[in-house]
Each structure stands twice: as C-alpha cells, then as structure tokens.
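Below are two forms of the same protein chain, given as structure tokens: structure 1, then structure 2.
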Structure 1
Amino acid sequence: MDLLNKIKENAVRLQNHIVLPEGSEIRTLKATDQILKDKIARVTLLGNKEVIESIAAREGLSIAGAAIVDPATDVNRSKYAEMMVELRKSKGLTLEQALQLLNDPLYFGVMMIKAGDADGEVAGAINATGDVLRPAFQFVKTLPGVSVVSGLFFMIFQDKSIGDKGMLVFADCAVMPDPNSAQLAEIAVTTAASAKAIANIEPRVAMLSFSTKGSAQHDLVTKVADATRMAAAMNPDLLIDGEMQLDAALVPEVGQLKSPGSKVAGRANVLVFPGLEAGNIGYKLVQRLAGAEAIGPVLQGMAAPINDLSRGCSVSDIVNMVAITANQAGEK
C-alpha cells in the first residue's frame, strides 16, 4: 500500500473534522464530494448556503454530508469575536474589529479550530499563502516550545531501497529562508514528529551540510552542528545525527566510513536541509531528475494543522491535503 493510501486509510479511522473556508470554490466542492464518498473526514464548508448548494447541484455533486456555515450569520460569531479580543487585547483589537474580521472565512475557520469546533483547515485554492497563514499566526499560533512554521515534502521513489521503503522526508522546503541554529533544531524535531504522525515511520534524522562531523570548518557548518545538539536536547529519544553530507546520510558504506557507529548515517529517512535555498532546490532536483513524487508542502509547527494549497491545485491535491491534515490532527 502506498503512502497516500495509508494516509487516507488512517484518516478514515480518525474521522477528524476539517474546515474548508473556500466553500463555494468549484474544486473544493468536487473534493468535498470525494472526501465524503471515501469517508476521509468530516467536513465544514464556509460560505453562503444557498450559493454553495446551487453550485453543487449544477455540477451534480453530493455534499449533503458536509456542514455549511455562513460566517456572516453563524450563531458562534459573538463567541469567536470575544475570544479574538481576549487573544489580541495587547494589540488593541476591539469587538467591532473582531466581528468584521470574522466576515472573512479564513479568520472564521481559524477561530473554529481555536474554539475546538474543528480539528484542522485546508485553504489556498483561491487565496494567497500570506492570507491563509496570517489568521493562523495571529490566533492559533505555534506549538508550545516552537517558534517557527516550516514545510516538509514526502518524496516517493520507485527504488524501494531509498530511505524508508522508497520514501524520504525533506524539510524545510517551503517557509524559512535562513533559519538560525535554534530554529533549525525546531524544524528537525517538528519534522520528525510529522513524519511519524503522517507516514507512521520511525524517523532517523540527518542534519545536512557540506561537512560530515567536522570535515570542514565554517560558520554554516557550526550552525548545523549546534542545531543537531539542540534538537537532541529537545527530544532525547530522537534518532538524529549531524552535521553530515548527503551521501553520508543515505549510503551505508559512506555513512559508516564518515560517521562510524552512527545509528542514522547511511540509514536516514528524514533529511533536514540547512536553509530554504538548499531545501527547495533539493526537492525539485529529486522530483524533476530522479522522477520522485513530491507530496506537499505540508505545513508544521502550528498548534493545530492548517495547510496551504497552491492556487493551481487539482481536486486530488485538495483531497490528499485534507487526508494529510486529518492525520496531523491525530488522535483526540
């Protein structure tokens, strides 16, 4: 069974509640039809009920199993607005301003999650990344002990000898341009947790560099070595090693030559890149030249799973991201 099938199967078991703020967007409605048929998640669509049902009927879609909530008229508006004021009182947010913000489905969806009325959110089919993430940063915020949001990709290979039965996890490939050592450590720990929650693997994390165990001296090497020590302190049970070069991380003979006795070298299934430049280029090289399938980016580090879509996304992309988000929400 491939990764996406495993993710969907687990999502069916979990039955988490995912809110889709772009409720009248046609790809979102087609995805909802599929999600409900496959029982991947419980779904709430945000928007005008008559408009959403009219579009669904016109397209021959079955969305009767989804809840439809209009942010402009919902009975929870006052409750959510009061929560917003309390959370942003240091910024001077007024009740009137909060109610105005709640007219935006992206803010309303985030407040559903904050109030415990939904487990996660997927948006971005018709909204820019900044617009999707801004309400999340303001009200859901990051996990305790985590200050950065990052993005991972699951890279799926035909060659099953690579990584974990043909799968590697790459991070950060989407968000943080130049993380410092502490931020890089957080990215490593959250990526390992995401890999375990979503792909059900035991993470073996390699902290990548152009040096292996001091073979080169440079501030960029020191950053990765320091990050490795910090990540190990954050999670003493985590299998993590670094700094190391890519071949030392993936090729057993090279790994044991360059880092003898390491439990990660030559066996890594999670690769943490030293910066966004390397991570973004790395995943695209592997995708385009090695023919790997890239699933993501999956955002991590938020206190609740909120994922951003590409505005060029397909219906299957939305279905897959809802399943991934449901897995991130995990057991309640």
Structure 2
Amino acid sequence: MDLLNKIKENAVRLQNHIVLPEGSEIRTLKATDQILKDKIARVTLLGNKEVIESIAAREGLSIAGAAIVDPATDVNRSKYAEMMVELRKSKGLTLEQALQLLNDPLYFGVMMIKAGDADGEVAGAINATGDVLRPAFQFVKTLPGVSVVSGLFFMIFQDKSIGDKGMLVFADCAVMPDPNSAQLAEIAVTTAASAKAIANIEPRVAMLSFSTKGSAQHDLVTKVADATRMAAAMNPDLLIDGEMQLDAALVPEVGQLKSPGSKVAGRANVLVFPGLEAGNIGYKLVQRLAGAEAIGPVLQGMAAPINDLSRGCSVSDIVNMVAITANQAGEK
C-alpha cells in the first residue's frame, strides 16, 4: 500500500477532529464532502452557516456531517479571548484586541485547538503561508524542547530505486528563511523523527551544502558542518552526515569517493537543505522537472498539528493534508 493510502487508513482509525477555517471556500467544501464520505476525520468548518450551506447545496455537496461554527457569533468567543489575553500577556494583548483577532477564522481555528475543541487545522487554500502560520506560532507555539517549526515534503518517485523505495524526505522547504546552525540541527532531528513517525522509514540524514567534508571553505559551509555535529549530539542514535553535496548524498559511487566510509553518503533518504531558498526551490525543481509527487508541506515542531496548503491546491491535496494532519494528531 502506498504512503498516502496508509496515512488515510490510519486517519480513518483515529477519527480525529480537524478544523477548516476557510469554510466557504469551494475546494475546501468539496474536500469536506470527500473526507466525510471516506470517514477520514471529523470536520468543523468555520464561517457563516447559511453561506456555507447554500454554497454546498448549489454545488450538490453533502456536508451535513460537518459542524459549522461562526467565529463572529460563537459562544466560545469570550472563553477563547480570555485565553488569548493570558497567553499573550507579555505582549500586552487586550481583551478587545483578542476579540477582534477572533473574527479572523485563522485565529479562531487555532484557539479551538488550544482549548482542546479540535485536534488539528488545515488552511491556506486562500491565505498566504505567513497568515496561516503566525496565529499558530503565537498561540499554539512549539513542542517542548523545540524552538523551530519547519516544513517537510515527502517526494514520491516513479523510480523505486530512488531513496527509500521511491521516496525521499526534504526539509525545510516551507518555513524558516535563514536558519542558524542550532536551528538547522533542530530541523534535521525533527525531520528524521517525522519521517520515522509518518512514513515508517529508518532515516539516513544528509546535511546538504555546496561542499563535501571541507571541499570548500565558507561561513555557509561551516554553518552546515556545525549543525551536523549539533544534531548528532542531540540524537546520538541518528544516522546523519554532512556537510555534503547532493550528488554525494544520493549517488553511491560519488558518496564513497567524496565521503569514504560514511553510512549516509550515497544512500541518504532524508535531505536537509541549508536554508529555505535552497529547500523551496529544490523541491519544486524535483517536482516540476523530475515529475515527483510532492506531499506537503507537512509542518513539524508545532505543539499541535496545523498545516498550510498552497493556494494552488487541488481538492485531493486538501483531503490528503487533512489525513496527514489527523495522523500527526495521533491517538486521543
């Protein structure tokens, strides 16, 4: 069974509750119809009930199984606003400002999760990445011991000899524009853990650079070499090596030539990019030119699963992301 089918099957078993803040968006409604038919998750749509129901009726969609909550009038507004004031008291957030923020479904959705009224959130079909992430960073925050949220992609290839039976994991391709070495180390360790938890692979992590083991000298190379050492110290059992070039990471002969004896070089299945420019451009190159299917970005390091869609997403992208989010939420 392929990765997505396994993820969907597990989501059906888990029956987690996912909030979709863009409740009147047409692809989101079509996805909701599908998610409910396939029993992938319990769903709450945010928005005006009449508007949402009339769009669904016009499109012939069956969304009766979803809860619809209007952030403008919901009974939980004052409870959530008080929580927000408490969580942001160091920033001086007032009750009035919190109530204003709650009119934005992206803040309301995040507060549902924070209050334990939902297990995860998927948004971004009509909102930019930063607007989806900011409320999550401010109120849900990161997991204990984690300071950096990052985004990974599962890259799925027709050629099953690539990576792990045709799959490579790429990170960070979505969030952190310019990580320092400590942040990069954290991204590596978190990505390895996510690859194992979600895709059940034994991670072999390559820390990518334009240099392999000192072949070039530059601050950017030192950053990756330092990050590699820090990540190994954070998780001594992790198979991780770097800095290394992409060919040394993936091609066995090049790996052994440039990094002899490495347990990762030539057989990496997790690629950690040195910064977001490389990671974001890299995954899109592989997707567009090599024809790989890119599943993600799956956000990791957040205290609860909140995932961002591309504004060009399809209905099935939303269904898949809800299934992934439900998996990240785990057993309840």
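Since this is a predicted model, take the numbers as computed values, not measurements. Counting starts at 1 with the first residue of structure 1 and goes up one by one along its sequence. Rigid core here is just the name for the largest C-alpha set that superposes within 1.5 Å across the two forms.
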property: Pair member that is the form predicted together with acetyl coenzyme *A; result: 2
property: Pairwise rigid-part agreement between the two structures (residue 160, residue 271); result: yes
property: Swing of the smaller rigid portion against the larger one between the two structures, to the nearest whole degree; result: 16
property: Cα displacement of residue 177 between the two structures, core-superposed (Å); result: 3.7
property: Core-aligned Cα shift of residue 259 between the two structures, given in Å; result: 8.2
property: Per-residue C-alpha deviation between the two structures [residue 207; rigid core superposition; Å]; result: 4.5
